[in-house]
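Heads up, the chain below is alone and in the form predicted on its own; it's given as structure tokens.
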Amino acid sequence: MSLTTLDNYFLPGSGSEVIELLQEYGERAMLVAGGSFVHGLAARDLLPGIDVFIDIQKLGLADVTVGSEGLQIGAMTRLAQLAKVPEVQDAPEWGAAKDALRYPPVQIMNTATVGGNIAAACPYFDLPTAFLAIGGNVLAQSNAGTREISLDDFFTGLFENSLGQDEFITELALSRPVPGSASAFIKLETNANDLAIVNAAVQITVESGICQSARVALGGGVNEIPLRSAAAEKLLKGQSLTDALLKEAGQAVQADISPMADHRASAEYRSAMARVLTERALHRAITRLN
């Protein structure tokens, strides 16, 4: 598909207009937020049957609210805008988001949106892995109203998500971790403009030297979707976070992933790097706690 052969390009001014267009054009339509990934999809012939773009930039949806329950991030929030939020920059519990926002080049930071990063369901993106470690919900709007979808349930397959045909993301709500929590994210890439070969994010809550809870998320081709490692999380919970235990947790993630092989990395290499990056991310989160 060439971008010059689109049949229609819409710029609706309200959510109800977006829903009407989604219902009218169905699978022919694609929502566009920042649009930074559109060319890459088209160049790889990954937009079969799409000849209608619905651009949601006029809906607003770019506010970031910090409250007692966490962060409410509008779908059209640019990555550069999120990176400037003081809590994201300073609070250890949001460390995974801060880390993930250090990697994209300035062009992507100023263009790409939070909602687009989530909706694309690309396993090589960074923010979905970071957000999955922190935990939260996607808010989606449709004719039926607003629906909350846990990030744990949102990604269903390669470039596939759990949104209905007439639904679109309006907000991402990240839960505020309890006191004593910290998170971290690490990415392996070939250059500063590359998608992740492997990425890993963790969140830990520690009280009196004992891990009360842990969330361990991985992406970047270790599966068709970013996912959490139940094996690593179970291993960490209730234990003192020694160097030996962190190493075991890195090894444990290998039981939960099904790495892909492509021109950038073999499945074996991705598995090995998932182990290494998980261990390093845990060390970084502990450092933030201290």
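Counting begins at 1, following the sequence as shown. Owing to the predicted nature of the structure, the values given are computational and were not obtained by experimental measurement.
The discussion below concerns the form predicted in complex with a small molecule, not included here.
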### Query
Thinking of W94, I204 and S271 as the candidate spot, does the small molecule come within 4.5 Å of a heavy atom on all of them in the predicted bound form?
no
### Query
Do N193 and the small molecule share at least one heavy atom pair within 4.5 Å in the predicted bound form?
yes
### Query
Counting only non-hydrogen atoms and a 4.5 angstroms cut-off, does S36 reach the small molecule in the predicted bound form?
yes
### Message
Please tell me whether any heavy atom belonging to P105 falls inside 4.5 Å of a heavy atom of the small molecule, as the geometry stands in the predicted bound form.
### Response
yes
### Query
Does the small molecule get within 4.5 angstroms of any non-hydrogen atom of G116 in the predicted bound form?
yes
#### Entry: Stretch in contact, per heavy atom within 4.5 angstroms of the small molecule in the predicted bound form, of 174-182, 209-217, 120-128, 82-90
120-128
## Note on the structure
Partner-free chain; cross-checking the small molecule in the predicted bound form, the single residue of M30, L235, L227, L241 with a heavy atom within 4.5 Å is M30
### Task
State the residue from I169, I134, L71, I186 whose non-hydrogen atoms include one within 4.5 Å of the small molecule in the predicted bound form.
I169
